[in-house]
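Only one chain is included here, represented as structure tokens and corresponding to the form predicted alone.
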Amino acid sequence: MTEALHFESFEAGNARIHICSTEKFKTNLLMVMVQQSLSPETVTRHALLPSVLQRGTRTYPTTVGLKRKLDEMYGANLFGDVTKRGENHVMQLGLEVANERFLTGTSSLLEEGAAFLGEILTQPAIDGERFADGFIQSEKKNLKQKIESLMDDKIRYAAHRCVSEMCAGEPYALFNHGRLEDLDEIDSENLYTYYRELLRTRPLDLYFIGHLSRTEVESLVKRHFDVGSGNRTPVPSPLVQSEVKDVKRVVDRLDVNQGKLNMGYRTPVTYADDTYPALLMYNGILGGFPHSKLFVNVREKASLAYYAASRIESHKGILTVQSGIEIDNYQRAVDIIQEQFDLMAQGKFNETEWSQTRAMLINQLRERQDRAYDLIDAHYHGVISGRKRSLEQMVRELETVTRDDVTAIAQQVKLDTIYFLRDQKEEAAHGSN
């Protein structure tokens, strides 16, 4: 039987600490989360920062020296990135180190790991009051390539374009890795100024998962994470806009052979709401799994799509459909996808769809207990939404969702945007323009 894992949370200085003590894993995972409001003014700097911080520290000022230290810690894994959670832009820095109980000849690996991650966060390699120029130029080049590579993956590109058109004028429209037009203005001095302000003022959460105690963690934080004691500015809750006046229809033309049809919908429900588990059931029946309506009816029965699925953004109240279609099948695909939404609003889902969806969702939640990173990710949803649920609590809530609950959600879902990525031919498919 899967071990039920829980976090204990408390404050140290002005940071929030979250500990999950368990003997389940052979490694200890330490992670830092720093929230920022998603905005045009900060999105690119925030995206650049984790890669710059991973290039060097005061003690290990070269990338070679830093990697050598990771090797010395039995191949510890350092990682960092930025993600969107609604209109929160979250910087993550993490370190996974072996649990020293399973090693011989060392008793300080957790201590070394905490010191190392604390230095990555608070004592980066600098030149006076600026980051090292070489690191900035190198990482700006890497970020530029990352932003441009979005065009190489047409499925991701279409998903981003749909959301950017749907949420035009809202922060959520921004790409989490930033904007090319900002890169020239970023230099080693203004990025360092941004970093210091971010670390001093924005919500900061430290996570520890492994065979450790609260007493140990309190001591590690005190010694290695100089997080300060001033006030931190909360990041405002994301704007949830569920009303739709007119459906947007957007067509992009690129050199592609297969069309990408994405449809964006508004819902009034986010992770913080009591009805969130019903939204999970709704999305699961509609398009979350191979037994779901979109896959079965659009892809399998009608043979209209190479793939067809839906996903929800838990903090923004957005549901999106992704499908790959023959370009001439545009209008037929739009119609049959919308039919699935209409069936949901009429409460027309069968027992197989219902029971398999609930079983799959609960299984997914229980599997998350087996992965330390997923445990943190699931807990952090509760931190940024202000609505904490353990994985077991979410399972219990899913078990009590009724058909009427799901139908009530379905009747509030509204089509906002139809986005179509198609070829360059001037002769349009029926209704595709």
Partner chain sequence: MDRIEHRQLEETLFYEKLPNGLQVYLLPKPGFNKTYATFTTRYGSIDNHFQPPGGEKIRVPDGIAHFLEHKMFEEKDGDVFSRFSNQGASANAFTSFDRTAYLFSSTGNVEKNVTTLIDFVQDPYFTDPSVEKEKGIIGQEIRMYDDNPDWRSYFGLIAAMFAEHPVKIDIAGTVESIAKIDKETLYTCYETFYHPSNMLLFVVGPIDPKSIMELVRKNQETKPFEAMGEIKRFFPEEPEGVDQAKMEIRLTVGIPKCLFGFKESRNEVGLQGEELVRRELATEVMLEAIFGEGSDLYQSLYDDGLIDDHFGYDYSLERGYGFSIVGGDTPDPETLVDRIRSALPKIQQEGIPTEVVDRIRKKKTGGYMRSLNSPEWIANQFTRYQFNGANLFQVVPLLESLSANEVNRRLQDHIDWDRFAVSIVRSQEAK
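Positions refer to the first chain, counted from 1. Predicted model only: the values in this text are computed from it and were never measured.
Beyond what is shown, the protein has a form predicted in complex with the partner chain; the following relates to that form.
- Taken together, the three residues C20, A125 and Y265 lack any non-hydrogen atom within 4.5 angstroms of the partner chain in the model of the complex.
- The partner chain is not shown here, and in the model of the complex it never comes within 4.5 Å of any heavy atom of E87.
- Although the partner is absent here, H224 lies well away from the partner chain in the model of the complex, with no heavy atom inside 4.5 Å.
- Residue contact check for R299: one or more of its heavy atoms lie within 4.5 Å of the partner chain in the model of the complex.
- In the model of the complex, E367 approaches the partner chain with a heavy atom inside 4.5 Å.
- K67 is the sole member of K388, K67, R403, R396 with a non-hydrogen atom lying within 4.5 angstroms of the partner chain in the model of the complex.
- Note on the partner interface in the model of the complex: the residue among D252, D273, E96, E189 having a heavy atom within 4.5 angstroms of the partner chain is E96.
- Heavy atoms within 4.5 Å of the partner chain in the model of the complex map, among the stretches 163-171, 332-340, 354-362, 308-316, onto 354-362 alone.
- Scanning 252-270 for heavy atoms within 4.5 Å of the partner chain in the model of the complex gives L254, D255, V256, N257, Q258, K260 in sequence order.
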